[in-house]
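For reference, the chain that follows is the form predicted alone, supplied as structure tokens.
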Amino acid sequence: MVKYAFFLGCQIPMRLPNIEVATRKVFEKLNVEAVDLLGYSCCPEPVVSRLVDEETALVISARNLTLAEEMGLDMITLCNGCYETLAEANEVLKHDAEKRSKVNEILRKYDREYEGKIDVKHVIEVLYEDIGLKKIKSLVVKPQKMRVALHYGCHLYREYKSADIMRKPRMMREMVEQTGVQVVDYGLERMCCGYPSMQASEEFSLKERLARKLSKVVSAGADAVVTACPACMIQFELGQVMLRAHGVQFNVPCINLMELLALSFGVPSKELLLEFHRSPVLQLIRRLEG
């Protein structure tokens, strides 16, 4: 059995319980033991927090990492942003003695010490490297007959194990292809969905990022967008609602990778909380189920 300390992050428990449910169903099928990481905090957020105060951001990340160290388990995360924050902090603290010393000076006040004993892995890496495509394909009993566009998410390109930034996106594409879908290329796979820029300009985020991507997705004839990142899912789903206020209409279903895997493994759609989606995922799946 594959065993990891499970870092759920903030967005999934608060806003996207459907992703957690699908993930636990998939883990059960694949014999992955995800041990809940009790007492964790925000990772913290990977874009702004380090710009405001790098040391504080590192301390918060290091505290989360020490929780997994106490368990003696490597950490698995579902969120691209959490992955970048925690994996990068882990790399910095393992190799920068000065920063590690400063962080531990603060952590010791709370009876903690970062030792650099664990690794951080995205769920895509765990499924691809520890489980393997052969095992995943063997569990597909209900191929999903739809055309999908992939949105990998910016933070998935962050790489700490090789110089190949496409390593994890390729893993994701290969896994998606095992579920029976047809992946369609639309040319803007690497463009940001606009979620980070929402903090600076709603109009730019929605019109210059999200709408541009959705236009290409629709033109490519995709039935849905598949993403691995909860923040990106919020942008794709809530962003489509917000675009209507700007006079722009889209109605594209957005499915998380773990939901797609669960459906292809034969998990009944009624068990996956698909009604939590703000895009017409439930309607799409019902139509496919006939």
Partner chain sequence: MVVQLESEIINYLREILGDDLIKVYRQRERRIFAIIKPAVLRRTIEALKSKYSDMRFMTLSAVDNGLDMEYLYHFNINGIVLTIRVLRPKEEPILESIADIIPAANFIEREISDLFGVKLVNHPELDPSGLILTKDWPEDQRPLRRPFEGVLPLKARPVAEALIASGCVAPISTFVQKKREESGLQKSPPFPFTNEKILGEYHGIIKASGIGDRVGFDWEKRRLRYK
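Positions refer to the first chain, counted from 1. Note that this is a predicted model, so its numbers are computed, not measured.
The discussion below concerns the form predicted in complex with its partner chain, not included here.
Engineer: Tell me, yes or no, whether Val183 is in contact with its partner chain in the model of the complex, where a contact means a heavy atom of each within 4.5 Å.
Structural biologist: No - in the model of the complex, heavy atoms of Val183 and its partner chain never come within 4.5 Å of each other.
Engineer: Under a 4.5 Å heavy atom criterion, is Gly221 part of the interface with its partner chain in the model of the complex?
Structural biologist: Answer no; every heavy atom of Gly221 is more than 4.5 Å from its partner chain in the model of the complex.
Engineer: Using 4.5 Å between non-hydrogen atoms, is Val21 touching its partner chain in the model of the complex?
Structural biologist: Contact with its partner chain, yes.
Engineer: Even though its partner chain is not shown here, does Glu33 get within 4.5 Å of it in the model of the complex, heavy atoms only?
Structural biologist: Close contact is absent here: in the model of the complex, Glu33 is far from its partner chain, nothing within 4.5 Å, heavy atoms only.
Engineer: I need the one stretch from 211-219, 192-200, 122-130, 86-94 whose residues put non-hydrogen atoms within 4.5 angstroms of its partner chain in the model of the complex.
Structural biologist: Among the candidates, contact is made by 192-200.
Engineer: Going through 44-75, which residues have a heavy atom within 4.5 Å of its partner chain in the model of the complex? Please give them in sequence order.
Structural biologist: Pro44, Glu45, Val48, Ser49, Val52, Asp53, Thr56, Val59, Ile60, Arg63 sit within 4.5 Å of the partner.
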